[in-house]
Structures are given as C-alpha cells and as structure tokens.
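We begin with a single chain expressed as structure tokens, specifically the form predicted on its own.
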C-alpha cells in the first residue's frame, strides 16, 4: 500500500505556491499561481491543481495574514479583495477534505523547528524579511496563538543612528514599525531602487542590520528563544547575518545570553510546514 498523499498551499499576497507529497521533505509538483485581486479566481486555480492530481487525504494552508484562526479567514490585509475572505472554508467546500490552517510564518517556523535549522530545539522563532515582515513563534514545540497570533513585523522600533532624516517608514498602519522601516518595499522607498540592486557595501545594510538587531534583542528579552531564524528575500544579502549578530550583541551589552541567529535550512519552509498541517488535520 502506498503512503497517503497530502496537499500544501502557501498563500502569499503575491503568489500561491502549491504542492503535494507524502511527507514534508518529499514535496512534489510544486506550482505557483498569481494572487488575483479576485480571490475566487485564485481559488479556482488552486482547486484545478488538486483536482488534476490523485486525491489528497487532507490539505494544509499556510496563509498571509493577519488571519482569524477561528473562522479560517484572512483578516485585516491591505491586499485588495482579500479582507475577511474565508480561505479555509472556500477550499474545504471545493475539495471536501480536512484542512489545517495557520499563518505562513507559523507554518515555516514549525517546519524549521522539526526538520530545519532549529531541529532538536524546544523554542525558536522564524522571521521572514521580504515584501512584508512576519514571524512565527514556537514554544515547547508548538506554534504560539493568543488573542490573535504574533504580529512581530509590526513591533515599534527606534530610528537607526544612520537613518536618512527624511525617511519615516511606509507601513500604512504604523509608519515607522519594523515592517515600515526594514521590509523590501521600505528599502526600495528609501533608496529608490530594489534591494537586490544595492551593492554589498551600500549604507543600506548597516541600517537594515540595526532594525533587525532591535528585533532580535526584543525577541530575546520577551520570548527568550534558543534560535532566531531570519529568512525571506532581503536576507539573501549574506553579510546581513554577520552585521545583525554583531549589532544585536552591541545592543544587548552583555545583559543576558543571546539566541543563535541563523539562516533557514529548508528550501521551502512555508510549504513544508503546510504539509505538516495537512498531516495533523488528517489525524
């Protein structure tokens, strides 16, 4: 008898990434579809993908947020057309399978904790630093949920010492929060070109490292994880890890022990985490 097949959906504000697999480390048939301003168009493409493959035992959905865990919907998002959309129920009705539902960053945190950089550790945090900034918190091996879920990307930060005087941040809700100052769009707004076009020795990376170091110190002081994993497109600048570790140590100033600050070990942590959610939903 062959192993049961599970489905994985990593739902992002720009694209949905889809896969099937018998285990999180055996993802197959990975496909990307654009996130339309009309959710029903995107859902139709997702459903078509799964209907043209062997039936899955369950589906895991790792969604951009904020989300409402109780209703399985996307909550307060600036993505046009998606506010309050019942993502979990729309897929459940169409595919008629059990569905596990989490934020994309919580799913990625789960995968990195069980299979990736934080494997064997009890407490860890995964952060994605890209188009937006978000984080998933793992405590005692499980994702943290509270009144809503951790919204680490909107922590308030103080201005970096080398910050441009005229730059005030781009977050539509908080202006100068972490996402408003350190996301990919924030880098582009500050320097008038995409982050990937900035050279390694550009002043941008010291400023970026200061905000990421404030993030790491705040997490160390509040959650005390054993490891903080920094992923996402902005972190493709490898020197950022060295800069961030050094600046975090400066800010902490020897007060308490620092967690390890590492890169992700998995190629598709959000997708692998979504498959884990599917396996748990099937059980």
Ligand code: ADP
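Quantities reported herein were computed from a predicted structural model and do not represent experimental measurements. Numbering follows the first chain given and starts at 1.
This protein has a second form, the form predicted together with adenosine-5'-diphosphate (ADP), left out of what is shown; the following refers to that one.
Of the listed positions (234, 67, 215, 59), a single one reaches within 4.5 angstroms of adenosine-5'-diphosphate (ADP) by any non-hydrogen atom in the predicted bound form, namely 234. Out of the listed residues 132, 143, 176, 72, 132 is the one that sits within 4.5 Å of adenosine-5'-diphosphate (ADP) in the predicted bound form by at least one heavy atom. Look at 93-101, 167-175, 72-80, 190-198: in the predicted bound form, residues with non-hydrogen atoms within 4.5 angstroms of adenosine-5'-diphosphate (ADP) sit in 190-198.
For the chain shown alone, residue 86 is not a contact residue for adenosine-5'-diphosphate (ADP) in the predicted bound form, no non-hydrogen atom being within 4.5 angstroms. At the 4.5 Å threshold, heavy atoms of residue 124 stay clear of adenosine-5'-diphosphate (ADP) in the predicted bound form, well away from it. Shown alone here, residue 150 lies farther than 4.5 Å from adenosine-5'-diphosphate (ADP) in the predicted bound form, counting heavy atoms only.
Contact residues in stretch 242-274 (any heavy atom within 4.5 Å of adenosine-5'-diphosphate (ADP), taken in the predicted bound form) are absent; none meets the cut-off.
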